[in-house]
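Just one chain is shown here, as C-alpha cells, and it is the form predicted on its own.
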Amino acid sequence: MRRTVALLLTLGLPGMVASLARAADEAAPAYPPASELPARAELPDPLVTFAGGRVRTRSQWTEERRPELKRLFQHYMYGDMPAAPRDIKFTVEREDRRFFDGKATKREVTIAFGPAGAPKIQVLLVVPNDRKSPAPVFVGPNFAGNHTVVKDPTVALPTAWMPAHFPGVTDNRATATSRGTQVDVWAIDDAVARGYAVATFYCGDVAPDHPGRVDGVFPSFREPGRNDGGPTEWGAVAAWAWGVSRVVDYLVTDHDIDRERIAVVGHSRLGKAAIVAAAFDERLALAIPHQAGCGGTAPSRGKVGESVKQINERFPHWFSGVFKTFNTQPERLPFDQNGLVALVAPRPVLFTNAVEDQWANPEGQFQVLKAADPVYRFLGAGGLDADEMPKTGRLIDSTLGYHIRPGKHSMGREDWKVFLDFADKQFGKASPPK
C-alpha cells in the first residue's frame, strides 16, 4: 500500500519545530575564543547568564537565558543546526496491520525534505493495536538499519554508507544477512506489550558515522560552492538530533500517536543525539540518553572516562570545529552538560548507565543531574530526588531520574524495562494491547 501525506510547515501549524527554527535564525553574537574565556573548575550554573547576571524570574529564563544557552551550545560545541525545512513530505511505503501476530501495525515511512539533493530518512514505526486512545511513542536513531531491529523480510535495507564492523555489511553497505540482528537491542515487542509505539531510523540516513562530512545532510545545507561550513558547522551529533526532529514532524501527523507523549531514546553516541534533540525540540516530552557519556550526559570537566580531547581526536566529525579548541582546556567552556539538561526542563530526563562502563563516567553523570536540579526546582518541576547515586538496580524515577545496572556498554531488554517503567511513571501507564 502506498499513500502520500504532504505537509507545509507554516507559522500556523500546531506543534511546529519552533525551538529549532528560532535558535538557527537568531543572529548569534560574537563570542570570544576559548583562550579568552574564564576557567572554572566547577560545573557552571545554568541560572547565571554569559555576562554573569543571575536569572531571577521564569520569563528571564524563558526569554533570555534559555535562548542564550542554546546559542552557546551550538557555537562552542555542537555546531549551528539549520532551521526545520519549510516543506516536508511523508510517504507511507508499506503497512502491515497484522504485525507481531496481529498485536501491532508496522509502517515504513519515507521523509523527504529540501533543499534539493538532501537525503531521505526511512522510518520504521510499530504501533500497538486494540488501543483505546493514541499510543505514546519512543523515537530514536539506530546504528545498523531498520531491518536489524525486527525480524521481517519486507523492511527496506538502508542504502547509505554503513560501518564495516556491523554484521552483514559488505563494502560498507547493508545486506539481507543482517536482518533481525538487533531485535533484542530495541525490544520493540516488549514496548508494544506495554502499550508503547516505537519509531526508529538509521542514523546514517542523516549523517553517516565517518569523518569528512562529505555525505548525508551536510553538503545540502552549505552555501553553494563551499566544501565545508566553517568552524561552527554542525557535527554528526547535532545532525542526528535534527533527524529525530524530522521524524517527530511525521509523528505529530499520525493519528495513532499521542503527540503529547513522545519520548526520545538513544544509546551511546546516539544517546548524545537524544539529549540534544530534547534540548532543542520541545515536542519531545521525555528524554532517555542511555550511556551517553562525554559530549552527552557526562561532564566535559570530568576526570573519569573519555575526555574532550579523546573524543574529538577519535571522532572529529561529531562536534563543531570550535569544540576542538577546548581539548586541553575544557574548564574554559562557558557551560557544561548540566546546562544541556537544563534546556530540557521542565520535561523529565532519565540517565541510565552500567557499572562496568566507566568510560561513560556514571558518577559524573549523576553529578550533572544534581547540577541541573536547581533549574528544575526554579521552574517548579521537581528534580532529582536523591543526594547520592542509587544502589545498583534501583531506579530513581523523579523528574530527573537515574539508574545504573550491572554489566557493560550495551542496550537491551533489561534497559528497556527501566525505560518503560520510567515512562509509565512520568506519562501515566499506557494502555497495553488486549
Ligand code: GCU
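What you are looking at is a predicted structure, and each value in this text was computed from that prediction instead of being measured. Heads up: residue numbers just count along the shown sequence, starting at 1.
One more form of this protein should be noted, the form predicted in complex with alpha-D-glucopyranuronic acid, which is absent from this view; the next part is about it.
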>> Heavy atoms within 4.5 Å of alpha-D-glucopyranuronic acid in the model of the complex: which stretch in 80-88, 211-219, 307-315, 168-176 meets that?
In response: 307-315
>> Considering non-hydrogen atoms and a 4.5 Å limit, does alpha-D-glucopyranuronic acid approach residue 269 in the model of the complex?
In response: yes
> Is there any non-hydrogen atom of residue 99 lying within 4.5 Å of alpha-D-glucopyranuronic acid in the model of the complex?
Replying inline: no
> Counting only non-hydrogen atoms and a 4.5 angstroms cut-off, does residue 370 reach alpha-D-glucopyranuronic acid in the model of the complex?
Replying inline: no
> in the model of the complex, does residue 405 have a heavy atom within 4.5 Å of alpha-D-glucopyranuronic acid?
Replying inline: no
> Does the trio 106, 138 and 419 actually contact alpha-D-glucopyranuronic acid in the model of the complex, every residue with a heavy atom within 4.5 Å?
Replying inline: no
> Pick from 161, 359, 326, 113: which residue has any heavy atom within 4.5 angstroms of alpha-D-glucopyranuronic acid in the model of the complex?
Replying inline: 359
>> Between 203, 292, 341, 288, only one gets a heavy atom within 4.5 angstroms of alpha-D-glucopyranuronic acid in the model of the complex; which residue is that?
In response: 292
>> With alpha-D-glucopyranuronic acid taken in the model of the complex, which residues across 387-410 come within 4.5 angstroms through any non-hydrogen atom?
In response: 409
